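What follows is one chain in structure tokens, specifically the form predicted alone.
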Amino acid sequence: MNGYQKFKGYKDALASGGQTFDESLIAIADYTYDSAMEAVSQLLDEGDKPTAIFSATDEMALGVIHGLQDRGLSVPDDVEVVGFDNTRLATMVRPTLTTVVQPMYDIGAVSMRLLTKFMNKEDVAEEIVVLPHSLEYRNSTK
């Protein structure tokens, strides 16, 4: 579900920016470092070199960075990379990773409140809650 929401968000952002969706720019991985290394290799083999890559997790972004570096490409000079989750890995890789920051504590607190309401059969006005997020800019982007 989480991966689907990120993918839907990507497509929605393209549409709102007047851009067309190009399936050839998508590489599917299974949320692991190794699968991301394979996916970026496949992406580079099959088409033009991308200028930027967004990964669904920080772990996969590390696989992307290392996969690009293994091919002799520089991050961010040749390809910029963005991750998602702002885990400790984001600061442990070189270059450090630009990543989407989620309010993890708030996600847990809101989830618990909703769960309690559902368990008590209380009315829930909004079942979908969108919490603020931000982008932590580091050295994997210019």
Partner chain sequence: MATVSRVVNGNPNVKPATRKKVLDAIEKLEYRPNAVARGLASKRTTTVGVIIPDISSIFFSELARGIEDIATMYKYNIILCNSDNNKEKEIHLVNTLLEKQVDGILFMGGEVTPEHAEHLNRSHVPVVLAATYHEDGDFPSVNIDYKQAAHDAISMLIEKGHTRIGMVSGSLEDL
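Numbering follows the first chain given and starts at 1. By rigid core we mean the largest C-alpha set that fits within 1.5 Å across both forms. Fair warning: this is a prediction, and the values are worked out from it, not measured in the lab.
Just so it is clear, the following notes concern the form predicted together with its partner chain, a form of the same protein that is not shown.
Interface residue remark: V64 is counted as part of the site for its partner chain in the model of the complex, having a heavy atom within 4.5 Å. In the model of the complex, its partner chain sits beyond 4.5 Å of every heavy atom of P95. Although the partner is absent from this view, D123 stays clear of its partner chain in the model of the complex, with no non-hydrogen atom inside 4.5 angstroms.
By the criterion of a heavy atom within 4.5 Å, Q69 is excluded from the residues contacting its partner chain in the model of the complex. Taking its partner chain as positioned in the model of the complex, the residues of 102-123 that bring a heavy atom within 4.5 Å of it are, in sequence order, Q102, P103, M104, Y105, I107, G108, A109, V110, S111, M112, R113, L114, L115, T116, F118, M119, N120. The Cα shift for L25 between the shown form and the other one, taken after rigid core superposition, is smaller than 2 angstroms. Relative to the superposed core, P132 undergoes a Cα shift of 2 Å or more between the shown form and the other one. Taking the rigid core as fixed, one finds a CA shift for Y10 smaller than 2 Å between the shown form and the other one. Pairwise change in the model of the complex: F7 and E126 C-alpha atoms lie farther apart than in the shown form, at least 3 Å. Legend note: Cα of E127 to Cα of G9 is at least 3 Å farther in the model of the complex than in the depicted form.
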